[in-house]
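Next up: just one chain, as structure tokens, the form predicted alone.
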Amino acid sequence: MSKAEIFDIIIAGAGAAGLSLLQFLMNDSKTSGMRVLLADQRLKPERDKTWCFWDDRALPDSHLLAHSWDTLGVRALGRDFEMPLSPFQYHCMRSDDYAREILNRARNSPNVTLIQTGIEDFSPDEKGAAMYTPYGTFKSPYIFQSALKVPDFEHMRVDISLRQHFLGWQIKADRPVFNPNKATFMDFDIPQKQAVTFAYVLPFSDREALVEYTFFSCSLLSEKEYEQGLADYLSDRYDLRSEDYKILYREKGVIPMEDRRYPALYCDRVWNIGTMGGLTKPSSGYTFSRIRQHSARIVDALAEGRDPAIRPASSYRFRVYDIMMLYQIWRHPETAVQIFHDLFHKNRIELILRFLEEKTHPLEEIRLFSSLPWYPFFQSIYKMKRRIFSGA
């Protein structure tokens, strides 16, 4: 291979965003013939993440789903809300299953090239952009990257910078204790250790589930603290002692929850995707559905001979909503739990999910906010007024 080879499209980074974009490119008849380069320092499927999302459609990759649920549960302030999801379903996909499928298809495609290499930088080029790697320099009219932070990342304004951090165990219990038709979306009825804290439960059978102990806060915990929290939760909620279950798999993660304005471009002709493109929703950490929708928009543009849009991942009003909620999570975690309680207690789950997807209209949002305590949001607006009134 020539180290100056030119491709129609370069994808830098083979995480959820890069693989999703490659999948959509290969699935579209107008883009499947384009010469695509996928580069990452590791191109081996690894089970290190579990991606969850909701959808109301038949999915083209439904065979990759590890499980789906028709009902979501939320516990807060002593109440247990059980919410049938129709017309939605809540889905779970494992990162190694997804990566294996996409990478195998790519290796069998004559138009896709895979290169395992580190990625050093990007720059505009006279005919597009260039990607610099230890393996060589590669050029394309379109580069989509999720591998590097933008050059001025550390100097970008950030007023609130939290992290969603968690440890999860997939366990197999010695007796049936789970409902495989119901996923626990958020269980706040656990000790709130000066931060918003909840458990997340994805049952795959009546004996097997992925259970995560999750925080919205600035600081991470020690491994021992996460593990003790999980053990206590399994004991308190399911009466499972350590000898009553086997740990099949461990998963941990840290997701940014901040008001930083992630730019659409790294530089001219290099589009940011995934978390680097602002696709992680600041107030919830949800990313996977937003990545898939972003991939679809990019491919639609390329198929029509247009450049992908250069715009923020969220509109101004949803940025404001996220900032208001982030402030409460940061400064008033007990109020944030009350807000979550009221949100699920007083609203239809279908409206909540569309709101989290940023697919509601303003009248629906007024109705939703009118069901919540009003003072915390006015407080957030006042405390964050400089950020909000300077464009969020």
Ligand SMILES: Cc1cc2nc3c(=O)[nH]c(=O)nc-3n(C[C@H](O)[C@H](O)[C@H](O)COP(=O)(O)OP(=O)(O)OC[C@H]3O[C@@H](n4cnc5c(N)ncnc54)[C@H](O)[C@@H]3O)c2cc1C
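Numbering starts at 1 and follows the sequence shown. All values derive from a computational prediction rather than experimental measurement.
We do not show the form predicted together with this ligand, though everything after this point is about it.
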{"property": "Contact stretch among 335-343, 358-366, 41-49, 319-327 - heavy atom within 4.5 Å of this ligand in the predicted complex", "result": "41-49"}
{"property": "Proximity of A209 to this ligand in the predicted complex, heavy atoms at 4.5 Å", "result": "no"}
{"property": "Non-hydrogen atom contact D187 with this ligand in the predicted complex at 4.5 angstroms", "result": "no"}
{"property": "Proximity of F166 to this ligand in the predicted complex, heavy atoms at 4.5 Å", "result": "yes"}
{"property": "Interface membership of P376, this ligand in the predicted complex, 4.5 Å heavy atom rule", "result": "no"}
{"property": "Listed residue (T287, Q293, S217, Q170) with a non-hydrogen atom within 4.5 angstroms of this ligand in the predicted complex", "result": "T287"}
{"property": "Answer option from I255, V150, L240, M83, heavy atom within 4.5 Å of this ligand in the predicted complex", "result": "I255"}
{"property": "Residues T31, A129 and D300 all lining this ligand in the predicted complex, heavy atom within 4.5 Å", "result": "no"}
{"property": "In the predicted complex, residues of 108-135 near this ligand [heavy atom within 4.5 Å]", "result": "T117, G118, I119"}
